[in-house]
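Given next, in structure tokens, is a single chain: the form predicted on its own.
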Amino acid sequence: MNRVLPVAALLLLVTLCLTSCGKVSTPGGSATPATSATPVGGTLKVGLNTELTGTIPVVGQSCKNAAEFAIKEVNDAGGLDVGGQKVQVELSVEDNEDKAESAAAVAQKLASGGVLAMIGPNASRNAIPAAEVAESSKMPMISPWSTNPKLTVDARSGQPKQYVFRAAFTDDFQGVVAAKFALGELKTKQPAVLYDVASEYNKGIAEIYKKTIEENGGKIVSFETYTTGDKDFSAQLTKIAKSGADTLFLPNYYSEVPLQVKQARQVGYQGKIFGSDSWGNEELVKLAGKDCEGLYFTTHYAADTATPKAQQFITAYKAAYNSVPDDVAALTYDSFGLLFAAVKTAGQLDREAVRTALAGITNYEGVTGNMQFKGTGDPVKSAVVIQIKDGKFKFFQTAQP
């Protein structure tokens, strides 16, 4: 069963809650009238909607760490320059439990609670319903890690959303990059895929990968699915092994991949295995051990080939948390960088002015690379391919479709 509730159902749920209660809780826990309040005074309030519990808590913690790091950096420097005055930044952290309905409810809570903008959620299955609330509330939102194209598109009109942006590239881009890597670098002749059919992210990138393989003359020999929370993939992987597949694409989360790789080898699959940016956390290496040695995945940046700006961030982040920032942390830092740039341009703590400033950014140099925006909330940027060697993430190549 698909875990992602229809958007209309989520909005109805939120609306019923507001109607029955009359009030909503602020991020601080007090009750205020449900209005589309904008910040006042000398504090910039930003909401963080992230996955601190659920199936990907490492993602949520990386996002929270980077958010607090970005804000401390600004506040320690005296604050953000807004219209000639220094303004301190305040963060409201909310756990969306890695659930679509909770992510939407958190977005509504933040929208009504007086934050200027919302950063997050990360997983597309949470970010998409939260984006519907942000758009209807006219609250600027930047998702660090969501890559599903639906995030920034109005489902009714098919036009770009006005208040929703992201720091990551899209699955339209990454799926093509992964397919071209499989065909060109891995020389695949018989590609196979295993993906979570209940997750917007996994499903979206798997379908684009398959489409690109076929458009380039290839044929997927096995296209297998599972549902979020499954632990036994042996039936699907046995089909893949018997299909004669020479590559296996796993566009699945770091918490699932170690078990899938181990079970693939147990059922006799001997081909190459690779994945997508959802692998990009060191927790995968801890869980998979030697089973992941030599495997590849596409992602947003490589810490070992970072630009001077990125190296400065990596050094300071390591000093603060004693770990190398993963792609979620780097993208979260870039999300705050985009927001701060827009607030400075707007010169006022007003949602509409900040949205207009965000939409006006055409080029931004982040720690995950140079981003170009061409009339939508989706940046145009490069991807990198990482290989896991000696238990470390190592840059392999830059990737373009």
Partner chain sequence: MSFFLQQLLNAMQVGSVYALIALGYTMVYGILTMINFAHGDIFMVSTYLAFAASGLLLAHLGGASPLVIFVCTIVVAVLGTSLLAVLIERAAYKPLRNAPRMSAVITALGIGLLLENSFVAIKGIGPTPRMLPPLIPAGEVHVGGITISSLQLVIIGLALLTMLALDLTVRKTMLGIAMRAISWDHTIVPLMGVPKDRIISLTFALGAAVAAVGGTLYGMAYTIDPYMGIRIGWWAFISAVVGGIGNIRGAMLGGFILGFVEIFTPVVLKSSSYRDMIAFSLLLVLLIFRPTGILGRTVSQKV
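Since the structure is predicted, the reported quantities are computational estimates derived from the model, not experimental observations. Residue numbers count along the first chain shown, from 1.
The protein also exists as the form predicted together with its partner chain; that form is not presented, and the subsequent description refers to it.
Student: Counting only heavy atoms and a 4.5 Å cutoff, which of 205 to 213, 159 to 167, 231 to 239, 134 to 142 contacts its partner chain in the predicted bound form?
Tutor: The contacting stretch here is 231 to 239.
Student: Would you check whether its partner chain, in the predicted bound form, lies within 4.5 angstroms of a non-hydrogen atom from each of V153, T376 and V380?
Tutor: Verified in the predicted bound form; spot residues all out of contact, no.
Student: Is Q266 a contact residue for its partner chain in the predicted bound form, using a 4.5 Å heavy atom cut-off?
Tutor: Contact check for Q266: yes, within 4.5 Å of its partner chain in the predicted bound form.
Student: Would E283 show up as a contact with its partner chain in the predicted bound form if we use heavy atoms at 4.5 Å?
Tutor: It does: once its partner chain is placed as it appears in the predicted bound form, E283 has a heavy atom within 4.5 Å of it.
Student: Answer for P57 alone: is it within 4.5 Å of its partner chain in the predicted bound form, judged on heavy atom distances?
Tutor: Contact check for P57: yes, within 4.5 Å of its partner chain in the predicted bound form.
Student: Using the partner position in the predicted bound form, report whether A353 sits within 4.5 Å of its partner chain, counting heavy atoms only.
Tutor: Looking in the predicted bound form, residue contacts with its partner chain do not include A353, since no heavy atom lies within 4.5 Å.
Student: Counting non-hydrogen atoms within 4.5 angstroms of its partner chain in the predicted bound form, say which of T225, N75, Q190, T307 makes the cut.
Tutor: When its partner chain is considered in the predicted bound form, the option within 4.5 Å is T225.
Student: Tell me, which of S255, S102, S112, T247 has a heavy atom within 4.5 angstroms of its partner chain in the predicted bound form?
Tutor: Contact residue from the list: S255.
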